[in-house]
Ligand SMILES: NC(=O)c1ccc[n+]([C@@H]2O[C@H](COP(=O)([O-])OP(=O)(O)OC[C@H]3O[C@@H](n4cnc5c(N)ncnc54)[C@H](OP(=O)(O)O)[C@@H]3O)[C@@H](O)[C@H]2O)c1
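The chain below stands alone and is given in structure tokens; this is the form predicted alone.
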Amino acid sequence: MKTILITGASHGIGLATATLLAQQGYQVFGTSRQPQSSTLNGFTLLQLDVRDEVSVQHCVQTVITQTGHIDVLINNAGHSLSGAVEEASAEDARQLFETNFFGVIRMTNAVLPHMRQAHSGLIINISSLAGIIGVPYLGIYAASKHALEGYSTSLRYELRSFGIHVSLVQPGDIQTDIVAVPHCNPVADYNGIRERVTAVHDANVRHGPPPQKVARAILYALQSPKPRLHYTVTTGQEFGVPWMKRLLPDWLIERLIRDSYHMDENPNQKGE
């Protein structure tokens, strides 16, 4: 029986994925910074803060002690930050990267010695369409996912000879309760357009597919004998984003993005 460790499993995509994998008969360990119980929806729930090295090592060792191996690591824990890039301080960005990027590195480094010893394993990193293409007023979040894309691709090259696969799952807007925390240094010049773009983001999330759709993509990757690098989970207009990035010139992509977020509705807006 494969043992799966998934971070951020108390809600959203993590919960949906851990629940589905447990239903499929896998031995699943989920994590939460503040778990309310030791079990949830048929899987074991462990305490973990991916920002803390001691917490990471303790969590991984707990799973190894109980099962002897970790076959699949799903790096899902993350959060968002909304507002203009200028409004984010370096500390804002650092805090977000501590979870979205450095947390992935900590978890991966803790698990890899066990996978290399077994000469097998799968690491699935939950990225985002924002990791493919820049997103206005979610710029720091997009930057963290861009970093995750480059890291995961390089890691895949390096680990193949050890029998370890690396995959990226790239959801679009999904119906989850992830909170995009506003930047702490608002700049008045962005008033109006900031709120207009944020409203579009919020509407896209409300009308997006449920997290179970992402969970099914993760299951598909997990069951594949040769997992691909990219698994994109989209709906509606988002379906064309990966192809748009590959095929269209930058100026046209920029126009499409600005139009989709109604960024030019007010011609008197400063900076427009």
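Everything numeric in this text was worked out from a predicted model, so none of it was measured. The first residue of the sequence shown is number 1, and the count goes up from there.
There is another form of the same protein, the form predicted together with the ligand; it is not shown, and what comes next is about it.
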Even though the partner isn't displayed, in the predicted complex is Ser10 close enough to the ligand, meaning a heavy atom within 4.5 Å? yes
Classify His183 as contacting or not contacting the ligand in the predicted complex by the rule of any non-hydrogen atom within 4.5 angstroms, answering yes or no. no
I'd like to know if Arg51 sits close to the ligand in the predicted complex, meaning any non-hydrogen atom pair within 4.5 angstroms. yes
With a cut-off of 4.5 Å between heavy atoms, is Ile126 one of the residues that contacts the ligand in the predicted complex? yes
Want to guess which of 28-36, 219-227, 64-72, 239-247 is within 4.5 Å of the ligand in the predicted complex, heavy atoms only? 28-36
So, Leu81, Glu86 and Gly134: all three within 4.5 Å of the ligand in the predicted complex by heavy atoms, or not? no
Which residue, Ile174, Ile193, Ala110, Ile140, has a heavy atom that falls within 4.5 Å of the ligand in the predicted complex? Ile174
If the cut-off is 4.5 angstroms on heavy atoms, which of these, Ala77, Val197, Ile164, Leu168, is the one near the ligand in the predicted complex? Ala77
